[in-house]
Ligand code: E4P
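The chain below stands alone, shown as structure tokens; this is the form predicted on its own.
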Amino acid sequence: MKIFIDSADIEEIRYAYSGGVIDGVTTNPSLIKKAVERLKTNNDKINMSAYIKQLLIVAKGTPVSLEVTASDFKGMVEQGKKIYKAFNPATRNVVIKIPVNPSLKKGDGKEYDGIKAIKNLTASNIPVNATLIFTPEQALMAAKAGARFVSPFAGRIDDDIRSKRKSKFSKTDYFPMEGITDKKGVTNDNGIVSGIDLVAEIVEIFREQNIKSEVLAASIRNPRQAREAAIVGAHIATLPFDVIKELLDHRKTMEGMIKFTKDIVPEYAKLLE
């Protein structure tokens, strides 16, 4: 499974890439704005366009998802092409994020605009990451329209299912991939019992239907959820840097290091000087 970092902090991204295990970047306008504003507070005069170009250079050779802000077919296509034209030529690693369904309210007539935009951009040889996917059906539609990546939001599905039980929880809490059962049965969202279950169903559909789009597990909140995304066959998981670092954490590893450093033989250590 490939690992993308979900961040717009250039120094954080550069540090993550230094380990040789990061395969791409996902961003959104809010993350980019926060990163640029943080630099401006330190009297850095960089503008957003220059910042994005720097970010793309740091991640050169791996895909970077940049998101549109429009919520209609024409606007998403225009913005997608504008972003791609402005930023892709230098590093050739831009992917355009398009919401699978940009409707702001049910029945507003825009439910098909995301699929149309994905198809239009793909036909123009612009790779697309279909985002805000919460059902296997949405993923299937996005893939059929030509999306290179489909991004099911695992953590947000977990939040939604937990909220139905009216229980208190932190977003970083582990949620079992088999779901939670009570007297009424397994709490679910139209048959989906967890975010990892959503990812697994999409992976299975794509495998059965020989669909080439990659399943990018998004909104991953903790290491165990990342592990389970790999178990069910996600091609990619995009993780905040804190979660990436936690993938390497275990108390027994630290205990072993403490013991190891205490037991170092002076004569052996001297050989390494």
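Please read all numbers here as calculations on a predicted model, not as lab measurements. Note that residue numbering begins at 1 and tracks the sequence as displayed.
Below, we refer to the form predicted in complex with the ligand, which is not included among the displayed structures.
A.B. asks: Looking at the partner-bound form in the predicted complex, is Asn28 within 4.5 Å of the ligand by any heavy atom?
C.D. replies: Yes, Asn28 is a contact residue.
A.B. asks: Even though the ligand is not shown here, does Ser219 get within 4.5 Å of it in the predicted complex, heavy atoms only?
C.D. replies: Contact check for Ser219: yes, within 4.5 Å of the ligand in the predicted complex.
A.B. asks: Verify the contact flag for Phe175: yes if a non-hydrogen atom of it lies within 4.5 Å of a non-hydrogen atom of the ligand in the predicted complex, no if not.
C.D. replies: Heavy-atom contact with the ligand at 4.5 Å: absent for Phe175.
A.B. asks: Is Arg148 close enough to the ligand in the predicted complex to count, meaning some heavy atom within 4.5 Å?
C.D. replies: Contact check for Arg148: no, nothing within 4.5 Å of the ligand in the predicted complex.
A.B. asks: Based on heavy atom distances of 4.5 Å or less, which listed stretch (199-207, 103-111, 152-160, 86-94) is in contact with the ligand in the predicted complex?
C.D. replies: Contact criterion met by 152-160 only.
A.B. asks: Since exactly one of Lys74, Lys164, Lys171, Lys82 fits, which has a heavy atom within 4.5 Å of the ligand in the predicted complex?
C.D. replies: After the contact test, the surviving option is Lys171.
A.B. asks: Does any residue in 4-18 get within 4.5 Å of the ligand in the predicted complex, counting heavy atoms only, and if so which ones?
C.D. replies: Result: Asp6 alone.
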